[in-house]
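So this first bit is one chain, no partners, the form predicted alone, shown in C-alpha cells.
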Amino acid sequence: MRAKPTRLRDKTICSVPVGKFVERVKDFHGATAPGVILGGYMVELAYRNLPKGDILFDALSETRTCLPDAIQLLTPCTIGNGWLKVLDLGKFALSLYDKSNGNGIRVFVDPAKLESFPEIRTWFFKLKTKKEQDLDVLLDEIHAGGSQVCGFMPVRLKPDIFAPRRHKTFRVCPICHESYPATDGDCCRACSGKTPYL
C-alpha cells in the first residue's frame, strides 16, 4: 500500500481521520470504493450545514450504491434501525433531516464543479472503464476536492417519507400463511403481486 500523502495526515471526515475512514470503508464495503469516500465528504458537508443545536436526524440516500455505506459509517443512521431510507432515484445525492419535521440539507455531486476535477468527472460519468482508471489518482483527487465538487440546499421532505411507519397489528396471510402488517390489505404484499421472486 502506498504512503498516505502528507496533506491527508491531519485531514478528517466527520472528525474521523481520513486514513481511519478509508480503512473502515475497505472493511465495511469490501473495497476502497471512490463512491463511499466521496460520500464521506458529502455526509460531512450535510452535517456542517444542519441547523445548530441538538436535533435527532434521519438520512435519505437517492441511490443504492455507495452512499448508503458512507451514511452508515459516519452517522447513527442505518438501514437496520430505520433511520436511513434509500429511495433509488439514480442520483448521487443524500439528505440529513430532522426526523420530527423533515427539514434538512440535501447534498449532491454538482456536474458543473467537476470540470476542475477531471479524474472525478471521468469516474462519475463513466467515461472510462474501471480497468482504465487509476484508482490512486482518482482517490487523491477526491481527497483534494472533498466537498468542493458538491452542491447543497435546504430541503423539506414529504411527510410520507419522513414519518415513521409503525405496524400496529398483524394478520396471517390466507394465501402463504405468513404474518404481514394488517394495513397492507386482505393478503400480504407478496401474494398481491409485489414479490421480488419469480
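The first residue of the sequence shown is number 1, and the count goes up from there. Treat the numbers as computed from the prediction; the structure is a model and nothing was measured. Rigid core here is just the name for the largest C-alpha set that superposes within 1.5 Å across the two forms.
Not pictured, yet referred to below: the form predicted together with a further copy of the same chain.
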Listed residue that, although a further copy of the same chain is not shown, lies within 4.5 Å of it in the model of the complex (heavy atoms), from Ala144, Ile55, Met153, Leu135:
Met153
Is it the case that Pro181, even though its partner is missing from this view, gets within 4.5 Å of a further copy of the same chain in the model of the complex, heavy atoms only?
yes
Looking at the partner-bound form in the model of the complex, is Leu157 within 4.5 Å of a further copy of the same chain by any heavy atom?
yes
Heavy atoms within 4.5 Å of a further copy of the same chain in the model of the complex: does Pro68 have any?
yes
Are any of the heavy atoms in Lys99 no more than 4.5 Å from a heavy atom of a further copy of the same chain in the model of the complex?
no
In the model of the complex: members of 121-145 within 4.5 Å of a further copy of the same chain, any heavy atom:
Phe124, Phe125, Lys126
Rigid core fitted, then: does Val18 show a CA shift of 2 angstroms or greater between this form and the one not shown?
no
